Structures are given as C-alpha cells and as structure tokens.
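In the form predicted alone, a lone chain appears below as structure tokens.
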Amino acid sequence: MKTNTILNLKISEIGKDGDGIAKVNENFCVYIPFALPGDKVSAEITESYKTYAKAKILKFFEFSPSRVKTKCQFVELCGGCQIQQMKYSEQLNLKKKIVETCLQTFGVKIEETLPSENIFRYRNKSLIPVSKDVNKNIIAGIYKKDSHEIISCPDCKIGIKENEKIIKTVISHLEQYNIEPYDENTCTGILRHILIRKGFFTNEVMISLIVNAEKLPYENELVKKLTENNGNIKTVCITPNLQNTNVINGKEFRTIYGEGFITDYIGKIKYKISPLSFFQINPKQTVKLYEKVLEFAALTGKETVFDLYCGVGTISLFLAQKAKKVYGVEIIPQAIENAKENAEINRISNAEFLCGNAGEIFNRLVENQKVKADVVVVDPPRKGCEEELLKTVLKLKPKKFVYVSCNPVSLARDLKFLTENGFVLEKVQPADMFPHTVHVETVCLLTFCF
C-alpha cells in the first residue's frame, strides 16, 4: 500500500501501544493513533510496510461509544496520554486485556484492574523542558511526540495545579534578567529543565532548576518571587548539568532555599525526597499497589522477607510493618543510603538494606549466616529480572514470591522461567498507576511447589 493513500476504515480493536487497529484484509492492518474501537474514519497512510501501515485521521464519519472529550488540547501532539480520549472504565478494561494477552498461556484468572483514585492531577513529579519558540519567546512545557520540539504547555492536566504558576514565574524571571534557556543544538544557554515535586499527603512542594552552569543568575531574587505568598514551597535547589547529553538531571544539587528535600507518605511510612530521589509518581495509587503486595505476601509477623530492586526502600518499609525481618537489596549505593535514612526516620529497626549484586548477597546471607527467605518480593525495571537473579531465587525456594511488574511482556518471560522451574502462578492483579496511558502495573503471587 502506498503512502498518502486515503482509506475509509472502521476501527475494530486497540493495540498495546494505544493505536486503533483497522483490518484491511486478513493479512494487512492499519494502525491509527488516537482512534478507538467503533470509530469510522477517513485516514491517510503515512508509513507502509509488508503486513501493516500507519495512518493519521483526516475526519470522523462515526464516533466510538467509548470516546470522550479530552481535557488537554495538546493530547495528539504530545503522545504522553495515548488514550485520554477513552472512557476511564474502558481504559481499565484495556489494561486488563493487555495483561491477559501477555499471560494467556498461564491459564490464570486476571483480576479487574485496580482504578486510580485520581485520573487527572495524579503525577507528583514533573520535568518541564525550557526553550525558545520560532519567535524567540521563552517557552516551557512538553515535548512533541517522537521529537525534542517543545510545545508551550505550562498546565499539563495530569500534573499538579501548582506547575502553571511556578513555570510562569520562572519564565518571567528569565525574561526580566535576560537569562537564556538552554539550546541543545548549540549547547548554549542556562536553564534546561524545571523539576517540580509535591508531597500529596504533606502538600510540600520542591523546585529544582536544572542548569547548564554552576548557578543561575539572580537566584535569591527568583526564590523571593517563587515563595512569596506560597507557603507550600519548602525547598528550591539548583542542579548543574553541563554535559551534552539527553540525561536530564545532574549528579548533585545545591540548595538555595529550605532544607533540600520534602517529605511524603505511603500509608503510614514517611519518606524523605530529594531532587535526585526515586519516588512513585502516583502516590495515592501506590498505597493500593503496596497493600496488594502485602495481601499477597500474607505476612503474620514471623517471616523473613527479601525485597530485591528495593530502591529507596518504599516496599521494604511497607512490608516491615508486618514482617519479622526485611532485607532490602539494591545495586545503587545512593538508593541504599536513602533507604537507610527512611528506615531511621520511621524508627523501623527490622529492615536491613544491603548494596550489591543480589546473588552475592543471597549467598552470603543464606550460606554464611543461614538466613532463610520465607517471602521474596521483586519490583524490577521494564526489562524485568536478570535470569541469574531468578536462578538465585529458585535456590532459596521461598514459600511465596511476589512479582511487581511495570511491563507485561518482560513479566511473561520471567513467569515462564519461574513456572518451568517449580513455581506456580496463583494470582494476577493489574493496577492503573498512570491513567490515560497504556502503561499498566501488575502484581503476581507465585508459590513454590515443594
């Protein structure tokens, strides 16, 4: 099929990336962004391959019953919210279906997707790029889909309300003092990104300005503008990043107002959050997710638990409320230091955090100290678990293995390995951490068949 061909199509299903799918015949499909099952459209082919093509909508003949009006005018340009045009109940069904498709060979019932309490304003962290538009005006907002072109959008609807005022204040400061935003083509200019984080349970706000310099001109004047009549702003930091790289954050930060951190809670556990800390993006939904982990672990207070990929100890400390002992394992030193600090803040003494390779740490604890793992919990990155780590878990033979996944594809691969080597998949619970996107978290319970 040639590009620029115009077709009248009916969308029959939606793919795992959020694109609507129309079947031209049994051997050829057309993928159309922002189309929904039931839409009838006129579409123009933009890319063509042997068995499929991509297209853009020219006009609608009939709307899907699942379609709703979007709150964001940039939704089709941004691509961050691939399914904001879909009813939320249908979004939850889609996420369940994505997990079902990936795990269909295991023959286990997939529970209904846990809905998010908030479907807008749920992100506690925003990274806002700053640049100039074609008219040389300073803008800040979001990247256009599949590009580094910045769209002026100070009020992303899934971000916090405070973002807009903060962004406008920073831009006004740049304009007043003739401070140039960063230009990634020439590697010149100063302000690269504005990082804003909020504690949803404390209302504390942090601002970190990521700069292509050691400092931002007239820092004190900016702090005064930002904090004037805004008592929720607890700290402002400068994070230098002088590298010609796509990595956003620098490696260190300097505090110019406040203490350099804010605090927030997951359940009853308090966490200290710096500009460089990892913390869950949707904290209210995280409580539901971790409660499901706790439910699957079924702790009675007698168990020894291993939490792998423990990060700053968010799951570890949550589990420590019900376990006899929790060992958190993480390969990143800074994360382990933060985890220890969080344990101290909460006066939790039954959680121990260890930095290094999980297999080596397991061997040291199990073989040298005769520690037995009753429950193992993992929450790996999108690529899933390394096979060596899974082999180590097999040696431990824990009664329960709780797997938290952000990628159903890598989850299916790891579950195949585990179930072929003695584990039985018992329960699968999808959870919606990111409304209006196709991303889905999944909590699985496996038991070891002795």
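When you see a residue number, it is the position in the sequence shown, counting from 1. Bear in mind that the values here come from a model prediction, so they are computed numbers and not experimental data.
Another form, the form predicted together with S-adenosyl-L-homocysteine, is not on view; read the next lines as being about it.
Checking 357, 349, 203, 105 against S-adenosyl-L-homocysteine in the predicted complex, a heavy atom within 4.5 Å turns up for just one residue: 357. Contact annotation: of the candidates 158, 312, 99, 166, the single residue with a non-hydrogen atom within 4.5 angstroms of S-adenosyl-L-homocysteine in the predicted complex is 312. Of the heavy atoms in residue 380, some are within 4.5 Å of S-adenosyl-L-homocysteine in the predicted complex. Interface residue remark: residue 280 is counted as part of the site for S-adenosyl-L-homocysteine in the predicted complex, having a heavy atom within 4.5 Å. Mapping the unseen interface onto this chain, residue 345 falls outside it, with no heavy atom inside 4.5 Å of S-adenosyl-L-homocysteine in the predicted complex. S-adenosyl-L-homocysteine is not shown here, but in the predicted complex it comes within 4.5 Å of a heavy atom of residue 290. Residues with any non-hydrogen atom within 4.5 angstroms of S-adenosyl-L-homocysteine in the predicted complex fall in just one of 178-186, 324-332, 126-134, 208-216: 324-332.
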